[in-house]
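One chain is shown next in C-alpha cells, namely the form predicted alone.
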Amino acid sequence: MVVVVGAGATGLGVAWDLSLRGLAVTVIEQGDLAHGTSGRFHGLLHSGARYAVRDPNAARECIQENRILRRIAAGSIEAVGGYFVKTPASPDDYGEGWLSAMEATGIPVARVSREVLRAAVPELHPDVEGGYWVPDGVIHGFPLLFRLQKAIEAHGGSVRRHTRLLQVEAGSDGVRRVRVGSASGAEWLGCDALVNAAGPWAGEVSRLFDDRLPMRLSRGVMIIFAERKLAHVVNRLAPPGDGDILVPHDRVTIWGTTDEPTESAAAKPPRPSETRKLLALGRDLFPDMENWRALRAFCGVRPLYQPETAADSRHVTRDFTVIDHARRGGPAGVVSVVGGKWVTFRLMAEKAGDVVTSYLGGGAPSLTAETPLPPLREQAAERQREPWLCECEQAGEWDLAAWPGATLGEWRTRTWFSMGPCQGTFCVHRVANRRLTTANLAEVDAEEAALRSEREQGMQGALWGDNAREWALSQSVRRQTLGERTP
C-alpha cells in the first residue's frame, strides 16, 4: 500500500501514476480536493515562455507537458493560444534575449504586428508595439482533478477527504504504517511507501518523519473579472513580475499575480490595497482595466522549494524536486515531491512514481503520458430541459444529482454554482433547500455559513465603486427579501 498525502494536482497525479502501475494507493487530504494551491491559481496552461530566460529547464518541461495534457486531458484544456505583448515600458534589451531562449528551449513562437495584435485583443493599450504568439492555454483545474479521482478509484485506489496525517511510524526497514485522523476518529493504515505531495504544507508533513524540508512559500493575489474580456492569454513581454498575466477562464477573466513571501501555508484573504495595486499595474496593457467589474479577489500560496537562501522568490526556480528521504538520512520508503507548476503535475508524478516503484522492487513504467483521463460524466439531453438552480453558471438539479451526499461547499467546486456574477445571492438558498433532502437543518445552516464566508472573503478584497454598491444590494436582498439570518 502506498499512502499519498495531498489531493491537489501533484498528489492525485502521483496516485493515478501508481495506480496505472498496478499498486494499491490511498490518498489522504485534510480538506476537499484542491484545498491548497491547485484550487487557487490563474488557470494558465503554461507554454514555458514565461520561464525561458531565467528557468530554461522548467520552460522545457512546461512545453512538453503542455502538449501531453492537450492529448490526455482534452475537455479540461482550452487551446486558446497566448500573446507576449511589448509595451513602451518593456525593457528594450529583453525581447531579443527572450527570443534566443525560446529557440533554445524549443517553444514555438511567432512574431505578430501591432495591427494584428490589436485586432486579436482590442482591449489592449493603443501604444502597444507588437508582440509574439505562443502556445499558452487554459487549464480547467477542478474538473481535471475530479477526473483524476475518478481514474484512481476506477483502478481500485481511494481518495479520503477531510483526513489528516497525524503520525508516521518507520523503522530501520522503512516506513511501516501511518496514523490518520478524521471526523470519525483516528486509525492506523498499513503503509509500504509514503509520498508527501502536500504543497505548501509539505514542510509541516516532513516534520512527522523527522526530515524537515526547507520550503519557501510565496503568496500571490489574483483578481477575477465578471466577464470573459478576451479570447486569448495575454502576457507582458518583460521579466516575470507582478501583474503580467491575463487569462480567459470559462465565463470570467483572471488577472495576476503578485509575489510576496509568507509564513502561512493557508492562503489569507487579499487586502483591498493589494487588489488596487494589481489593477494599477495593468494600465499600460489595458487602460480601462480599473473600470472592469472585479467580481472578487483571491490568493494562492506557491510551494517553492529552495534549500539555499534567495533574496527574491521570483528568482527561486519553478522547476520541481523529487526527494528520496533515505538518501538524506531519513526513513526509507518516504518520497516528497515539491515545487513545480500545475502544467507539470503529470511529469512530477511520473518521476515520483519511478522512485516509489524502484523502492518497492517493481519495474512497471509510467503510463500516464499515453493514457487519456476518463470523462467526468456523460452528457444527458434532459439536462437542457430542467430549470437552473444557478442561472449564472447554468447549474441545475441534474448537476447536483451527479454528486449525491455532497456538502454545499463540495457542490460549489463540482458544479460551479455561486461562482458567477451574483456570487450566490439567490442560488445558495435553492441549493441549500435541495441539500435538506440528505442533511438536517443544523448541518445545512453550518454549510451555508461556511460557503457564505468563503464567498465574502473574496468579495471583500474588491469593494469599491460599483462593486461596493452591488455588494450592499446583495446583502439587502439576502437579509430583507430572502430572510436570511444574520450570523
Partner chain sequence: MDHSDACLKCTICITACPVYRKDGAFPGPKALGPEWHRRSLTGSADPMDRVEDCTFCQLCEVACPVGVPVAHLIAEHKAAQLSEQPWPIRVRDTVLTHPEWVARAPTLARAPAPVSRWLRLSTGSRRPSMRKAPVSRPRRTPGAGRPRAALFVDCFDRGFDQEALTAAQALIEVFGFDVRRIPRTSLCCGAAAYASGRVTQAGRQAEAMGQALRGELDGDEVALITLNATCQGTMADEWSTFLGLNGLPVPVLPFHVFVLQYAPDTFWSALAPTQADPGDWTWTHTTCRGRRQGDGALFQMARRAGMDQVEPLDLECCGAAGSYAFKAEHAGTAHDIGRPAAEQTQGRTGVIWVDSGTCAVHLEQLTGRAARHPAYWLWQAWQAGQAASKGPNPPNPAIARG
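The shown structure was predicted, so the numbers you read here are calculated from the model rather than taken from an experiment. Positions refer to the first chain, counted from 1.
Only in words, not in the display: the form predicted together with its partner chain, which the text now covers.
This chain lacks the partner; the member of 351, 86, 325, 229 within 4.5 angstroms of its partner chain in the predicted bound form by a non-hydrogen atom is 229.
The partner is absent here, but in the predicted bound form a heavy atom of 420, alone among 420, 39, 458, 43, sits within 4.5 Å of its partner chain. Only one of 340-348, 391-399, 101-109, 142-150 lies within 4.5 Å of its partner chain in the predicted bound form by heavy atoms, and it is 391-399.
None of the heavy atoms of residue 177 is located within 4.5 Å of its partner chain in the predicted bound form. In the predicted bound form, none of the heavy atoms of residue 24 sits within 4.5 Å of a heavy atom of its partner chain. Its partner chain is not shown here, and in the predicted bound form it never comes within 4.5 Å of any heavy atom of residue 320. Interface residue remark: residue 252 is counted as part of the site for its partner chain in the predicted bound form, having a heavy atom within 4.5 Å. Across the proposed site, 268, 298 and 410 without exception lack any heavy atom within 4.5 Å of its partner chain in the predicted bound form. Looking at 452-474, the residues that come within 4.5 Å of its partner chain in the predicted bound form, counting any heavy atom, are 466, 469, 470, 473.
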